[in-house]
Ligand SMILES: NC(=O)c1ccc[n+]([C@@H]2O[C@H](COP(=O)([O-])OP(=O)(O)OC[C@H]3O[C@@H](n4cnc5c(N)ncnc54)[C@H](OP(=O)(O)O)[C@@H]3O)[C@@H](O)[C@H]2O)c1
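One chain is shown next in structure tokens, namely the form predicted alone.
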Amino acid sequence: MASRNASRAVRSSIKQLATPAVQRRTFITAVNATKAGVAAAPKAAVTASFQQTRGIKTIDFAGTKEKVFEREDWPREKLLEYFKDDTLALIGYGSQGHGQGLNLRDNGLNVIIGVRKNGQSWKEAQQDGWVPGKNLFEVDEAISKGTIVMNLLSDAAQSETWPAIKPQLTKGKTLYFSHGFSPVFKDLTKVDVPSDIDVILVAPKGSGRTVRTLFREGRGINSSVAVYQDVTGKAEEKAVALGVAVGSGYLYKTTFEKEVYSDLYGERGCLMGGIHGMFLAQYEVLRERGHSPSEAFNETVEEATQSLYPLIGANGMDYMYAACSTTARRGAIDWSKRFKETLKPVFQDLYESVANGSETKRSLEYNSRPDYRELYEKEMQEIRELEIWRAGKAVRSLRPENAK
């Protein structure tokens, strides 16, 4: 395929971007990388200008000015001073709990974990070095000790446990979420927050595994930050500081409502559901037309994830087009219009389903079932058994870094 014609200059640029030294300032790096790609691609459509005021930077995103916050505004020493009198009670030890909790601990903050004693999460926390009675407690005890309660339970679990959690959120505490789901859809979740506490959000734009990995590499996940309720007048400042402490490289402002709408919409669309559907559709047509599993997988998934998507992530779509042959570029530009016209009505339906609460209702009903885990595992097994992903396992084994 055309991407095999990518120049050495492109590969050198990507290699440079992969170094921790370049990634210290994640957001600015991305902007500068785009500028660097101008020689190989049409002039970047997005320009950025910076204006710093009291640690806040105003960025011009293609004509729309937004405020962002960077990690450099909150060095470790400042975080330690800011949270010196706080106990961060992190409730739940799933993907985000694991990543954010370990990052907070590595940053030297006083963080404790609250989970069900002797459950799977309790055991996993112990394996990660959390010590019962020291920084690992049952949920109620952790909340009683915490000044900042970080509710990182699953959305369904937040709804189920809220009657027991709410009375412990006494005046002066802060309630932290990483998803706006529960308070925004309170008519369905019944999560009505107390009126006398700060309620804030930091939503990393990636899985907890990524939050942890990027932190350990000296980089940082990008996150959104929002305030649902500001009683002290310092809720936003507190949220930004926590965002840096959990491993964010930079944070952009949003609202609880916009965060949950965009998050649910994105997960079901381009980030996961939509992309999986497109992978399956393309793969199946290739197989039906006589192509082998290895060829169908390579032309559908492997080339996308290993060659083209990294180029888009580093420098943008125009840069990726410039790295391909003129034939590929012409076809991609022409067919993108047809895909957009065909898919936009589907995305409109999806957004409406999110906004009217249908997706929330579906999620709560399904994920609250007593046999949820068994049903989920059955679905995952069906996906694992799809030919495309069985072929993918074989293809991945052939990568030089995986070859024995």
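All values derive from a computational prediction rather than experimental measurement. In this text, residue numbers run from 1 along the sequence as written.
What follows is about the form predicted in complex with the named molecule, which we do not show.
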Since exactly one of L152, I143, L104, L311 fits, which has a heavy atom within 4.5 Å of the named molecule in the predicted bound form? L152
The listed residue (Q158, T174, S223, T300) that reaches within 4.5 Å of the named molecule in the predicted bound form by any heavy atom is Q158
Pick the stretch from 113-121, 184-192, 312-320, 126-134 whose residues have a heavy atom within 4.5 Å of the named molecule in the predicted bound form. 113-121
Although the named molecule is absent from this view, report whether F339 comes within 4.5 Å of it in the predicted bound form, heavy atoms only. no
Give a yes/no on whether G249 approaches the named molecule to within 4.5 Å in the predicted bound form, heavy atoms considered. no
Give a yes/no on whether H179 approaches the named molecule to within 4.5 Å in the predicted bound form, heavy atoms considered. yes
Taking any heavy atom pair closer than or equal to 4.5 Å as contact, tell me whether G206 reaches the named molecule in the predicted bound form. yes
Enumerate the residues of 90-125 that have a non-hydrogen atom within 4.5 Å of the named molecule in the predicted bound form, in sequence order, or give none. G92, Y93, G94, S95, Q96, G97, V115, R116, G119, Q120, S121
